[in-house]
Ligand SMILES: Nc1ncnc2c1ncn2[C@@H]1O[C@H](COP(=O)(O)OP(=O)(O)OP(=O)(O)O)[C@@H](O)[C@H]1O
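Listed next as structure tokens is one chain, alone, in the form predicted alone.
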Amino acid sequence: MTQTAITPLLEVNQLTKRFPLRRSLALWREPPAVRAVEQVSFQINEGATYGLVGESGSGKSTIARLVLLLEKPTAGEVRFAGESIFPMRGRPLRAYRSRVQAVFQDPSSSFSPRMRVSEILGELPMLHQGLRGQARRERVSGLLELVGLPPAYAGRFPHEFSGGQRQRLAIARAISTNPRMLVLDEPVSALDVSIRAQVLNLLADLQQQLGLSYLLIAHDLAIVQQVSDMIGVLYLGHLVEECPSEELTAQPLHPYTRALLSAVPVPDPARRAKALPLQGEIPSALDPPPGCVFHTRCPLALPRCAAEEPPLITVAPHHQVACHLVPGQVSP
């Protein structure tokens, strides 16, 4: 029996973003630029969660802003439901913005302190779906119930809520347009540990109820492992490893991935990953090192690593890694 291929909901192909600083006086020289994202590719299937993890400055949030059309790419393509998003204008662009919504780290910065919750949650349904009056009020009440808040809270202002409750409001606003995908940029990093688990459980419940797909951006590998189906590891704008969440835990191949895993607290000492200490500081994205971008901090680096950039190769089904130390390669 022939199996039907799954069409990804989101396809990121060779995405590159450089931020030029200034023009060189010498016309033949390329102006200096911050190399935030370099030829990154990945896919997100319908109803799945793809986690992007890495240190600050690795390019995670830049990818989120590109997917949300808050930045223009230097090169590459992003396709949503088979359609390229960067050329979108007019009605297709408006439809895309309603189908892909975002939840950021600090919801307070995106809430007007002068607007009540009823206005905050009712704004997008009014703009995108034309809901007004009683229909709009019922939609706001339903959204509050979905995120575990009483409908009576609709008359309150954002400052009357705790941090965890404000993040629930941010999630409610994000799902108010009936999106197909949410971009979650550090959605729980500003919350207390006990509240983090509640918000992550809420996101998991909403994904199951509404059939949502998630692009999860985080620096905490433990959180990404907990909720993601696939994980991509970023270092200095490069995707250095990608594989299913369980496989990343059981068999991390890139030295940077192993270093991140060794920093994750594990209650059972027998299961604790062998520490792989990182050396030095993360290089500047304005002047990244030649060869493998990780070789300046890698305790296992070879002379070849400083001269030759390793390609991202497939070493097992759905498992890719960019490292000269990893032997073997199978066809994708």
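Quantities reported herein were computed from a predicted structural model and do not represent experimental measurements. Just count from 1 along the sequence shown to find any residue number.
Separately, the form predicted in complex with this ligand exists; it is not shown, and the next lines address it.
Visitor: Within 4.5 angstroms, counting heavy atoms, which one of the listed stretches 60 to 68, 42 to 50, 302 to 310, 288 to 296 is next to this ligand in the predicted complex?
Guide: One stretch meets the cut-off, namely 60 to 68.
Visitor: Wondering, does Val264 line up within 4.5 Å of this ligand in the predicted complex on heavy atoms?
Guide: No.
Visitor: Taking heavy atoms and a 4.5 Å cut-off, does Leu278 contact this ligand in the predicted complex?
Guide: No, no contact at 4.5 Å.
Visitor: From first to last in sequence, which residues of 33 to 58 have any non-hydrogen atom within 4.5 angstroms of this ligand in the predicted complex?
Guide: Heavy-atom contacts within 4.5 Å come from Val34, Ala36, Glu55, Ser56, Gly57, Ser58.
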